[in-house]
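Given as structure tokens, the chain that follows is alone and in the form predicted on its own.
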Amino acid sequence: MICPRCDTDKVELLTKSPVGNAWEMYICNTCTYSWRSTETPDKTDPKRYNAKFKIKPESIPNMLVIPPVPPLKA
């Protein structure tokens, strides 16, 4: 399976629907994108995923870190 966002093949099954095998959830071990098998092809198919949101695996180490959430004020 190919990750729709970064086009790598490092995808694994994350979990399955607890009832009736209704869906499976996958996660990419390269970019951490995750998706359910029931989502639309523009979210699951690498060829139909919006090119504006694609990322290159080699650029991931240089991406900014998400700032931590400050503690709540008392």
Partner chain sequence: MKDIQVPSGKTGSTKAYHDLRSFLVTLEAEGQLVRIKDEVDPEEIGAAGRASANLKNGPAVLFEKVKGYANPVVTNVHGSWANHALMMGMDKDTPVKEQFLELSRRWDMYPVGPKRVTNAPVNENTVTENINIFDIISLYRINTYDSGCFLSKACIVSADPEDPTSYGKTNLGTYRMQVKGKDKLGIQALPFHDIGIQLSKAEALNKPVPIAICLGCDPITTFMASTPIRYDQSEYDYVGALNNGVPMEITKSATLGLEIPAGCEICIEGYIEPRVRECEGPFGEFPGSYSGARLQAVVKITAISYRANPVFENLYLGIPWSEIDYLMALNTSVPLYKMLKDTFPEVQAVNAMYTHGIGVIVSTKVRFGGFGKAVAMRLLTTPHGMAYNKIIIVVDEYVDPFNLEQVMWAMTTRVDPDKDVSIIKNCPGMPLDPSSNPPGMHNKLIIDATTPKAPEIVSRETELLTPPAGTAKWEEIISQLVKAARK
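Heads up, when I say rigid core I mean the largest set of C-alphas that superpose within 1.5 Å between the two forms. Positions refer to the first chain, counted from 1. For clarity, every value in this text was computed on a predicted model and none was experimentally measured.
Keep in mind that the form predicted together with its partner chain is not shown, yet the notes after this line are about it.
Although the partner is absent here, E39 lies within 4.5 Å of its partner chain in the model of the complex, judged by heavy atoms. Looking at 17-41, the residues that come within 4.5 Å of its partner chain in the model of the complex, counting any heavy atom, are S17, P18, V19, A22, W23, M25, I27, C31, T32, Y33, S34, W35, R36, E39. Fitting the two forms on the rigid core leaves the C-alpha of M63 displaced by under 2 angstroms between this form and the one not shown.
In the model of the complex, the Cα positions of V69 and S59 lie at least 3 Å nearer to each other than in the form displayed. Contraction of the V69-I60 CA spacing by 3 Å or more is recorded in the model of the complex, set against this form.
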